[in-house]
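Presented below, as structure tokens, is a lone chain in the form predicted on its own.
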């Protein structure tokens, strides 16, 4: 049977099992008496073993079986010590490396070093034998010196054997004492349940020779046939000149597929209705048909978006393990909790969130928590945005210290530093290389990685907010759109060009009269909510000719680096839902352009991101870009 078609599915599910195993192990370390968690962990290892064995990935199956044995000892009442958890986590890591080998179409790496570790130290969790094992002949020489070899064992009980299932179970347990059973037919669970007939086939990894194994098995009696031989070499997989790129897959709920079929059927019906109305010049039916088709397209859009949505939990499964390891390396006690893992976001956003989450947690453990503390990862929906927060109760950050550090590093003048609000001063940690730590560790430093967080979040059309007080902890908040493919944009005109601004970037719209525009130094501002809103000309930013001021001036209020600014445009042209396409080189080098879309009349619409566009032009205290007058 050609199993290659299932490789992508195997890798997808294997990663889920590995992430779950890491998370459950960390939870089990906190409460080793939690039987439900232990059972769930055992099921994960068992499932992974079965999947790997079905695909013919022998070493992966063997290692998963080994971890099952360790866990089985705990299920039998033995304590799971911290050393045992370390051993299991190391095994999970090695499983991940094996899966990576397979995904890269490399041979599975050797397990000898890992498995031999138990022979040089006391086993962290004694693996209880499944059943009493018959006495076996002592090894002829140093056991560790004998190589492990795979054997194919096939046996059949005599027809008159009483209780054949129980006899096969005894033989199975005897085999388990002679080496490591890679797989068997029937399996152990079937034998324990009394199923299995009269025959047993097993693949055994053992240090013993074939005749030795035969002799020991024949002592069990009631055998009508027995064969122990080396397994036949498997047919080599066809070599490929270059590794083939595995197609990316996504699992879709069957009810969603049913809805797609229903929508497709309704659209076909609607198409025939439109064609008939057009042929008959029945304008009323034609108009109604177009309205109906628009509703179907909207429904289809929502269903397709659901397919692209993934739960945040798909990238947070390994985070408890990450925090646990970082805390232990730093000699700290850190409790970690995640809320809102079921929040769904576009898969394009989910795939890019892994690094920002990693850097935020590293900084929280390394610099936020002092000796012991708590870190929380919270995810929730805030209108049409996703809010993801990393909160620690550690030492916090001092905005004044950040200002001083920026001045001493030559990044800001003293006047510039004084003009920064606290929220802006805290964002200084996102400057590459900026750190208030005396030494930057190999794990993190404020600014080592936070620049990555800010860059990734802004590239996704989101924003980063930092709030912190000395001694009161730190809160990092990411606001991200739920989807990046189809978005709502505000249409604006600038020097005859139509541009789109994502609605998630728009705080509010203003229509100012000339009297409402004031001057503050070299800047033009307008009073708004008890503060002066700086006004920036989109024409000036885009280096277009200035235009005479009209009676009313349309302004788009956006937020840039935590401060509101007013973007002056020529005309507000409404809003529209558009499909955003990424730009290729050289258009992708345009500063502030997040993509493009094609309008219904064929015009090209550039999507501009004010956050990216203005950060190159907006310098609050030193480089004002006033509105053209």
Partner chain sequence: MAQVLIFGLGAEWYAIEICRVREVVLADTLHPVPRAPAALLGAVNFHGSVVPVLDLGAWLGFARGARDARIIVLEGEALSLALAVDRIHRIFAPAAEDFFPCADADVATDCIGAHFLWRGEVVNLLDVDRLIASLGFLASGGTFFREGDSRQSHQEAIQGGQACP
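The structure presented is a predicted model; accordingly, all values stated were derived computationally and were not measured. C-alpha atoms forming the largest set that superposes within 1.5 Å between two forms make up the rigid core. Residue numbers count along the first chain shown, from 1.
Omitted here: the form predicted together with the partner chain. The next part is about that form.
For the partner chain in the model of the complex, the listed stretch (55 to 63, 34 to 42, 566 to 574, 586 to 594) containing residues with heavy atoms inside 4.5 Å is 586 to 594. For the options 178, 228, 556, 499, the one in contact with the partner chain in the model of the complex, meaning a heavy atom within 4.5 Å, is 499. Exactly one listed residue, out of 519, 513, 543, 298, brings a non-hydrogen atom to within 4.5 Å of the partner chain in the model of the complex: 543.
In the model of the complex, the partner chain sits beyond 4.5 Å of every heavy atom of residue 24. The closest non-hydrogen atom of residue 14 lies beyond 4.5 Å of the partner chain in the model of the complex. Relative to the superposed rigid core, the position of the CA of residue 425 differs between the shown form and the other one by less than 2 Å. Core-superposed comparison between the shown form and the other one: CA of residue 608 displaced by 2 Å or more. Residue 471: CA moves less than 2 Å between the shown form and the other one after rigid-core fitting.
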